[in-house]
Structures are given as structure tokens and as C-alpha cells.
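A lone chain, given as C-alpha cells: the form predicted alone.
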Amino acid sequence: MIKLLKIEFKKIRTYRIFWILIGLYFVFLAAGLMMAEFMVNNMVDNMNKHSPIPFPHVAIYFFPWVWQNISFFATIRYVLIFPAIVIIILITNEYSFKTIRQNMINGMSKAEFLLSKLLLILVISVILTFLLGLVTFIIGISHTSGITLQLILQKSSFIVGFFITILCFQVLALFFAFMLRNTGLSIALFTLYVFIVEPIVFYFLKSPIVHKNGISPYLPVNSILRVTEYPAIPVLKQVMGLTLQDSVSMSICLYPLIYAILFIATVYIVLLTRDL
């Protein structure tokens, strides 16, 4: 495994596009986290203009709720798209530049080739989770008074939820890349599915013209994003009647993990049966 990771890191070490996209991910993530509280309170101000009972401003950066709030804003699809595109480019470049054939000639099996990409996804997910956890901890410490260890750890399961979300989202990107093999087509169809196709299907399945069902939340992208579904903002519960999460449960993580396993199994079968 170490050998496979060394091969992957050798490929990306001087690959400028990889570092640019990862940099953009951090820029958009940082901007979103800094603007989150302002945007939420701006929404509250707009609601107060039409409400006889004013809603108070909210603070989202204090323990224990900071884990949930930052994990939520870090897993919106507009932010997750950047590491996903990185994975698509890295995989489709193997086909475009014929390096996958060279790897096979050098003795790497198809299973090892797939494993190398999965290990890269795992490492990226672990690093991003560690960095987000560190940032969240620092933000929480600086905004919370009367800190105790119990208070800090109370909602920390949401950082595990972030890990599951970013891991499975990248596996979905891997699936598109291996199925389509073309960089532009893979990015276009992946983006189209994430931002347009599945949301349309989601709301169609919830519409009155369809027989009542509970399928929508279990669509691939929605099952991934549901791991951290809402921020811990009381006004959402008061105004919209939403049931806010208390923690990240294994049951809610199970569906995206099942999808990830199915995507990996499908890619493996296709790799074995399709010509390079």
C-alpha cells in the first residue's frame, strides 16, 4: 500500500492543477465559514421584517454546536465539488496520457491500480478532516467560555460525519471518472448530476403527482449530504419545523457507505472486463 501511495504522490507532487483546485477548495471553504454566521443572521433580519415576533440573532461558532455547524457548511455540494473534480482529473488523465497502460506493463494489476486511487481518496479525506477538525477546535475555543472536555467532545461525531461525506462524495466522482474516462465529459456529467439531475429527481419524487414515498432522501448524493443535514440553528426549527440532528448516527452513515461499496465494486468489474 505504501508503494502505491508513493506512486500516486509522485504523480501529483508537481501537478499544478491538483494544487490549484485544492487551494480553491480551501479558499471557498474559508470564505463560507467566515460568512456563515453573517448570512444566517441576515436571513433572520429578513424574516423579522415580516414576523410580528422578532427572532434573535444566532451564534454558530461556540462549543458544542460548532462541530455541527462547520461540518454542515463544509459539506454543501458547492464546496465538495472541488476535491471531487480533482479525483476526476487524476483518474481520467491516466487514460488520456495512457499512463494506465504503462502501469500495467510495469507489473501493476488492475486491482492495484484501483486500490491506489482509493488510497489517495482516503488520504485526502483524512487530511481534510484533520484540518477541518483543527480549525473547528480553534474557532470553538476562541468563541466559547467555560470550556470543559465534555463540552468540547459532545458533538464531535459531526467531524466523523464530515469524513464519511467527503470520502463517499469522492468515490462517486471516481465512479464517473472510470465509467466515462474523458476529463471534460466526466466533469460535465458529474456536475450536471450533482447540481441538476438529482435535485430534479428529488423534488419530483416528493411532488403530489407521485405516489407518496420516502425514496428521495436515499438518492446517492442526498444520502451523502444527509450525514450532516442541517446546522444547529434554532430558528430553522422554529420557522421551518425542521428536526435538527443531535448527532451523526451509524444508520445515517450506512447508506452512503453502501453506495460507495457498490460504486467501487462496479468500477472493479468494469476494469476487469473492459479494454484499457
Partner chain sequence: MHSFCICNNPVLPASKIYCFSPFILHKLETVLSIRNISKRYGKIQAVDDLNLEVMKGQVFGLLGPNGSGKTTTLSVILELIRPGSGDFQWFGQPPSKASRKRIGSVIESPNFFPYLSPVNNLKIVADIKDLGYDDIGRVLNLTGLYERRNSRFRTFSFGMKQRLAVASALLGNPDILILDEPTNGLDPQGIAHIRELILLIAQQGITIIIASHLLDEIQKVCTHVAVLSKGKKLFDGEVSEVLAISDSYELSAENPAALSESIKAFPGYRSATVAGEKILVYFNSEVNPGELNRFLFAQGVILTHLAERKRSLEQHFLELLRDNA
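Since the model is a prediction, treat every value here as computed from it, not as a measurement. Positions refer to the first chain, counted from 1.
From this point on, the text means the form predicted together with its partner chain, which you will not see here.
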- Task: May I ask you to state whether I152 is within 4.5 Å of its partner chain in the predicted complex, using heavy atom distances?
- Result: no
Do M104 and its partner chain come within 4.5 Å of each other in the predicted complex, heavy atoms counted? yes
| Taking the shortest heavy atom distance, is T99 within 4.5 Å of its partner chain in the predicted complex? | yes
Q) Closest heavy atom of Y255 to its partner chain in the predicted complex, within 4.5 Å or not? A) no
Contact with its partner chain in the predicted complex, heavy atom within 4.5 Å, among L180, V160, M108, V135 goes to M108
Within 7-25, the residues having any heavy atom within 4.5 Å of its partner chain in the predicted complex are I7, K10, K11, R13, T14, Y15, R16
